[in-house]
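The chain that follows stands alone, in the form predicted alone, written as structure tokens.
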């Protein structure tokens, strides 16, 4: 059996203009939401990552007819003939986002059976918030081995107060509520831009959804929803990763589609490091010119609009070469510092104290054999490899392919030396 790996070599400063793909964290819940409709839906600006391909298999297993055009980044999904409400472990255990079919299937059919989900090893990430909310809506939930069955003759509206602004729980509850008669309210809801993109899709279907402070979403249930056509929002996390690729190599980059208006805290940290940023009109578009002497900065990951946990690992790679001492406090996922050990193999000076990493900037990193433990760590290790002396080989490539569509090709177009190989 051949081993797949990414070979990364020290590269010149990355320079150029790059187009972004659709947001990974938006497309999966939007694909799940189409189960609320009966008819032909179309999605454009679709990022064809492995997670999207797995979600296509999931929808097809339920009876949806899917036509994918990867060259045009489009998906046509016909949900007229959904014949199953059961998803097995072969799909569920590979992708945690698959749990998001529970809300739509309950809303439309009153029944769903799912294997317990999997995905990255980022800690517990319990689905308790989802299940507690469904139970408040009158859903009967039973665990049978590795399966959960959920059923309800008739769901009823409720007021859900989330202990934590969970993105997945917010999305799942909304999708269950849009076809539930009456008013459902979610307090302490997540307001990530990807959640707002899902709300836009649901409104296009005919859902009645209102948002208001503090962090509240109100859904007035309707009887039917119509198929939609929707352009997936651009990926702010891919944008951040590419900006960091230019920053760490001392280069220049222009991202015309970058959603700068939803990247404020992250962009402020880049400026604090000394990088020069300029912005397009109406909150869209970012250009970066890297500083020759980046400064250490500290940050704490938080739910939106705070510093995104999904950019913590790539940012840490850049901080390894910044002048001074940085502190990174990970508050979202307890296991999201597993890349520290891999960066240490490359000469990074990082100390761990619980969920806080202390990074002392060094002059050089060195190529090494590293393993990507999760999606965002894979990007961080590639960025580190672009500036490390010698060659870096990264295994765990399935994480990279799950979360990014065409990242290596975009880095190559900018002058980066990173390629997917087999041995």
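Computed from a predicted model, the values in this text were never measured in an experiment. Residue numbers count along the first chain shown, from 1.
Another form, the form predicted in complex with a small molecule, is not on view; read the next lines as being about it.
Colleague: Pick from 225 to 233, 162 to 170, 82 to 90, 255 to 263: which stretch has a heavy atom within 4.5 Å of the small molecule in the model of the complex?
Modeller: That would be stretch 162 to 170.
Colleague: The small molecule is absent from this chain, but in the model of the complex, do 24, 128 and 310 each have a non-hydrogen atom within 4.5 Å of it?
Modeller: Verified in the model of the complex; spot residues all in contact, yes.
Colleague: Quick one: of 218, 113, 192, 78, which gets a non-hydrogen atom within 4.5 angstroms of the small molecule in the model of the complex?
Modeller: Flagged contact: 192.
Colleague: Only one of 321, 332, 337, 205 comes within 4.5 Å of the small molecule in the model of the complex by heavy atoms, so just point that one out.
Modeller: Going through each option in turn, the one that passes is 332.
Colleague: Wondering, does residue 96 line up within 4.5 Å of the small molecule in the model of the complex on heavy atoms?
Modeller: Looking in the model of the complex, residue contacts with the small molecule include residue 96, since a heavy atom lies within 4.5 Å.
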